[in-house]
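A lone chain, given as structure tokens: the form predicted alone.
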Amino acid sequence: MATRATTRRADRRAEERHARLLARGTDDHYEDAALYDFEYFDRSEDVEFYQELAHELAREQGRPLRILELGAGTGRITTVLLRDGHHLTALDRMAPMLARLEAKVVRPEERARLRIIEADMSAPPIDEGAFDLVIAPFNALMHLYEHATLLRCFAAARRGLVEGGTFAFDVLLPDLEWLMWDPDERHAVTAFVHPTTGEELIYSTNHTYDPGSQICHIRIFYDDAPRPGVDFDPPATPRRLVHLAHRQIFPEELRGLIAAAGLRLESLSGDFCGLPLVHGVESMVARCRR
């Protein structure tokens, strides 16, 4: 029979393994910024949504906006908002992503309107009432793995807004069927050429969902492409394995977080086009006011 001390040691080891996995799931996917840009270059619905939202609010106020972007990454959205004349504070915890963002902003008049902060979005170093609009695009909030951490982020977003300011974000609508897929089967098998190394590779994924923590641990495999005419057979050891951790946030929890942070929910809809949150919708898109 296991002693209490043995059980405690086993629990500590399990907690340490979980912490290491979360650390990799937070960082791995964002270390190769060029590959990240390549993989998401054709994602545009969210860019159009945040661009139109900023345009609407700027028209109401009669001036360009002061915008805080949480999880700005390589600037897929940041650079568009800068081109539209807004003032951007781009916050991200990953230096390689921010370096690529900064390299994209070459026009002096745009650089003058850009501030880059390397920090955690759950405790952004910002002044109270400094922004007209705070955004957290493309599942950025799903890297906050506990309810309390999410609430701190929502409260920080509220503090950063002027009275009447807007907080907008998008996260995945949890798909329970997808979450329970076979964790050993490979999906999304895709051949591609690495944008900087020129290597011919195969991309594939699988995942494991932990319902206790509501975290989906996604594994992204990069393998050498087979010779022409030869079917891809996943090797036992991948060329590179990237972990991506996503905390699933359910709609009612979102509504509770928004209210608890002192924000007023204006809309919660699907896929950037006002759809109801029904089966088949990928993203939940929220718009709130201070």
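Everything numeric here is computed off the predicted structure, so don't read it as measured data. One rule holds for the numbers: they count along the sequence shown, beginning at 1.
Same protein, other form: the form predicted in complex with a small molecule, not shown, and the subject of what follows.
- This chain is drawn without the small molecule; in the predicted complex, the residue among Leu161, Val171, Met121, Leu82 with a heavy atom within 4.5 Å of it is Met121.
- When you look in the predicted complex, the only residue of Arg152, His217, Arg100, His143 with a non-hydrogen atom within 4.5 Å of the small molecule is His143.
- Interface residue remark: Ile77 is counted as part of the site for the small molecule in the predicted complex, having a heavy atom within 4.5 Å.
- In the predicted complex, at least one heavy atom of Pro137 sits within 4.5 Å of the small molecule.
- The closest non-hydrogen atom of Leu114 lies beyond 4.5 Å of the small molecule in the predicted complex.
- Interface membership of Arg93, defined by any non-hydrogen atom within 4.5 Å of the small molecule in the predicted complex, is confirmed.
- Contact with the small molecule in the predicted complex, judged as any non-hydrogen atom within 4.5 angstroms, is confined among 219 to 227, 23 to 31, 60 to 68, 232 to 240 to 23 to 31.
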